[in-house]
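One chain comes next, on its own, written as structure tokens: the form predicted on its own.
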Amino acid sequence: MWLGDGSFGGKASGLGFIKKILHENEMLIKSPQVQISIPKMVVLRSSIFDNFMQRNNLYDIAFSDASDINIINSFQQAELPVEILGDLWSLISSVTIPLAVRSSSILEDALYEPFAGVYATKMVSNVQPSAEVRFQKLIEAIKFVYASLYFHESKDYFNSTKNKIEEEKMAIIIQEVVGEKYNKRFYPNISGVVKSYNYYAFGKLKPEDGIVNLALGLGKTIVDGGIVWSYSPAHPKSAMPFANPEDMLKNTQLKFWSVNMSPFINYDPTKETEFLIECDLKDADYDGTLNHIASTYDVNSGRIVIGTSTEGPRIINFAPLLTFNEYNFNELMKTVLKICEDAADCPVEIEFAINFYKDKIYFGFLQLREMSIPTEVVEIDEKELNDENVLLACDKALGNGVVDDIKDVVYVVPKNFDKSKTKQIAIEIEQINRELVREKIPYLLIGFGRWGSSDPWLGIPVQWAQISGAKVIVESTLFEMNVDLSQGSHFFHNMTSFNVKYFSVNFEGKYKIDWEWLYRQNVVQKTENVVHVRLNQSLKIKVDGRKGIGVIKKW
């Protein structure tokens, strides 16, 4: 169902394509154990956005340098077109489960320079007894998502692309949230992303084997770059590269997101997370939602036992599904990926949510994007990686190709790096990035921990717009900060689509960063934690995407 005219936007068009795929492949995916569909939704097409902006004279403040909060407040004080209010009232009167209000702009999910993850998605609990209150909260959520097009982050992102914000339009999807209510929490048993191409293949895995990222609860954990469980559909039983059970315990998902179903919350229409709550793993254990996805650490034996039948710390490793293949889970992943690849005729990325219902599971399609795969052939031999003119090299590089126009390097100072200051570091980088983007100067960015992590203790929690001018990104570990590579879905979708080269340098690995050489370069700007230097000549940067190796030469 849709309201209005104009564009459906990228996300809604992708879901329309999925509907066609499901119809044409009904027999392939038909199973007594699995129900597959797209959660019920309504699309507000782009003409409603146009009317909203024009009738309320919002373009002046939208295009201004006003703060995000001032833009949100101006949008909240505006009125939605009266023509759609009756339909929205009918919707809210007939649905009493949580709703996700999702952006679906015309530029979102484009193959190159996409805007995935730039705009807001807002959940509403829709739990209030009064239909009037539920209607009001839905209206506020729609206005918030419209306003997010004009946040500073969005404007910075536009500046790093060839697109003009004046040409952008937004459709909106109002969609039922997949999941079930447990006490005062509503969430799916699993959220996931499956990709045709794995940029981080290791060991015997090949990039074309693809990868699946899984998490307990709402998908915010995945798209924000939180801790998830990753595996290859070609090798579902292959263990993640943890040194021992204790290492796995340190790196398992400990928090998850759910919709807050309490009727007693502090309403704040200016917050995207107004109706969300981050819960502990013990809450899920209490809810009984770990049975199919967790294992238990047996303290007495020091072993990890599949399932939750024994007492002990839980580890979210999805072993019942992957080791015992409950519900033919991995076949489901491979089948869904194959039919979508065939229909799109290219590699794809799919977002989904799953819920268990006694003897079957419900698989809800949430999004489908085409993936951009590098094809340029780059040759790098071992001698190049160890040459004396190397600034850094690595055997876990992402991307493919040669870059030879970078003279600027922005790096986080390693000597006094403090994990408690990563939010501040993100702001300092944003300020330098904004200036470099304005001057159209590409740069190399070097930092520690996960870039784009939502957990500031795991890395620097930047949004994509805050580092949008970086053409090459280096993620290094440090002593006492040896975390897995970044894997936020939106973050990496944008990085690969913009053809940004990515290097991962392990603190204890065989390749080191030549910090002493960087310290001797000309300083352009220095903040408390970040330094911007400009070199006399361009760096020589090469990445072989087939082998996952890369090198950055000083000259």
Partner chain sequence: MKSKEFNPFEMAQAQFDKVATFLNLDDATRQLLRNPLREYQFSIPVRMDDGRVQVFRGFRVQHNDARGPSKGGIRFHPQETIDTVRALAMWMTWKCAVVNIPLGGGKGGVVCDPHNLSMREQEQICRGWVRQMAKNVGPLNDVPAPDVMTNAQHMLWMLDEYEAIHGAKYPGFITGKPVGMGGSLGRTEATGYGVIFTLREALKELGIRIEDTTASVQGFGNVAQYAIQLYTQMGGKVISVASWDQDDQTSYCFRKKEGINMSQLLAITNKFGGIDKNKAKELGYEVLKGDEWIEQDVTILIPAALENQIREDNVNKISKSVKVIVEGANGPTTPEADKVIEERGIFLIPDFLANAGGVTCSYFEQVQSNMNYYWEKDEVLGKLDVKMTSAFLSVYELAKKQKLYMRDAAYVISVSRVAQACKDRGWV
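Please read all numbers here as calculations on a predicted model, not as lab measurements. Positions refer to the first chain, counted from 1.
The same protein also exists as the form predicted together with the partner chain; that form is not shown, yet it is the one meant from here on.
Non-hydrogen atom contact Q431 with the partner chain in the predicted bound form at 4.5 angstroms: Because no heavy atom of Q431 falls inside 4.5 Å of the partner chain in the predicted bound form, the answer is no.
Taking the partner chain as it sits in the predicted bound form, is I139 in contact with it (heavy atom to heavy atom, 4.5 Å or less)? Yes, contact at 4.5 Å.
Would W89 count as touching the partner chain in the predicted bound form under a 4.5 Å heavy atom rule? Heavy-atom contact with the partner chain at 4.5 Å: present for W89.
Using heavy atoms and a 4.5 Å limit, would one call E132 a contact residue for the partner chain in the predicted bound form? Close contact exists here: in the predicted bound form, E132 approaches the partner chain to within 4.5 Å, heavy atoms only.
For the chain seen here without its partner, which of 165-173, 81-89, 253-261, 348-356 has a heavy atom within 4.5 Å of the partner chain in the predicted bound form? Going by heavy atoms within 4.5 Å, the stretch is 81-89.
Consider the chain as shown here, without its partner, and state which of K526, R55, K40, K512 has a heavy atom within 4.5 Å of the partner chain in the predicted bound form. Contact residue from the list: R55.
Only one of R450, K143, R369, R102 comes within 4.5 Å of the partner chain in the predicted bound form by heavy atoms, so just point that one out. Spelling it out, the residue with a heavy atom inside the cut-off is K143.
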